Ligand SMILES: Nc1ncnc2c1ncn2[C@@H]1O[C@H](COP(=O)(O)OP(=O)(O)OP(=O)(O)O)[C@@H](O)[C@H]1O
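The form predicted alone is given below as one chain in structure tokens.
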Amino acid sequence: MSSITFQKVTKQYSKAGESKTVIDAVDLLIDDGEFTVFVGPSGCGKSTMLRMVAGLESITDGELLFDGERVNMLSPSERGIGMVFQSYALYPHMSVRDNIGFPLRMAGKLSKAEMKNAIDDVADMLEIEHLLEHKPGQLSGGQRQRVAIGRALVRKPRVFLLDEPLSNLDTALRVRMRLQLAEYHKKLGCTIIYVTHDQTEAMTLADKVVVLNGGHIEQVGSPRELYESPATRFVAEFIGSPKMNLLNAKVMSLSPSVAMLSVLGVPLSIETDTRGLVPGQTLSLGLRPEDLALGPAGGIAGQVMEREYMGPESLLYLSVREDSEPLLVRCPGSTEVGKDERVHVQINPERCYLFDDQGRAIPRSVMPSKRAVNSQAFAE
């Protein structure tokens, strides 16, 4: 297993005399045995980062280190990596056994008996030992995916790379395979880098999440850190489902640790670091749907545009202003509210996020409360 270090790693493509930077001087440390997920929208550079680790993309500038050793010029086979692609890339004319054993045959370092034992061990762990004589065309999507994982694992790689491996599976199978991948990681203790655009996969699988945007890193942290303490507006919007509400908030007055804001005409007092803020300034106020509650008159007024009933909970889409996106409120499924009904939404000042005009989070002077949201406590 290996730790992986990016030191000012840059990737540029040149075409017709012009260069385009797709990865911009990235610094990152992935610890030995860590399950790290690269997440971000299409075109953010996450697959390029993975392919540079694999040796499938050259590095324009900077250093890539495995356990402190520079690997920039090493071939994929010399790096000791195992990789699973989105398409699985299995050989259709080969049996499952031959697909899994293909890297061992190419390396030519093991006897037939040693190869058989290695293949059988991996197949047993992945619970596909009964499929070893089948061809890929006889397998389900989940089975083909496990064969692709087995082929990557059989060489006992230093680093295990997965590029959107679940994107071709249906929803139920994706959930099951997420659980299985987590179990594989526990059994193997290997260093894993996993690429996805699905933030649910990132949140459920990762020890460490790397959020990428436009070729640079927005934030690195545990799933909980990213969810509870987003460093930028981009991370706040990207992490969480449904996404965070963002409203304009005008600064009315300031004290050293409290900002008095006006949000859709409603006064709101928030404990925060007010250094650098000025009265009249407009900030972005972030509100997660689950941190809002319906309450008596006096909060933000809105009209129910749509209600999505999901059993234990409902998601309300509220029209609060003609020129703004709907305000999303997550509430118990038993809440009695119908379409076109007028409601009032209460804001918990301890569960608000503020961002400046550059999209950077404004730190709080007091850490947000870990108490459960109580509408009675913030219906002021």
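The first residue of the shown sequence is 1; numbering continues from there. Everything numeric in this text was worked out from a predicted model, so none of it was measured.
In what follows, reference is made to the form predicted together with the ligand, a form of this protein that is not presented.
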property	result
Contact test in the model of the complex: Glu164 vs the ligand, heavy atoms, 4.5 Å	yes
In the model of the complex, Ser42 touching the ligand (heavy atom, 4.5 Å)	yes
4.5 Å heavy atom contact, His197 to the ligand in the model of the complex	yes
Exercise: Val22 in contact with the ligand in the model of the complex, heavy atom 4.5 Å	yes
In the model of the complex, segment of 345 to 353, 43 to 51, 330 to 338, 316 to 324 with a heavy atom within 4.5 Å of the ligand	43 to 51
Sequence-ordered residues of 232 to 262 touching the ligand in the model of the complex, heavy atom within 4.5 Å	none
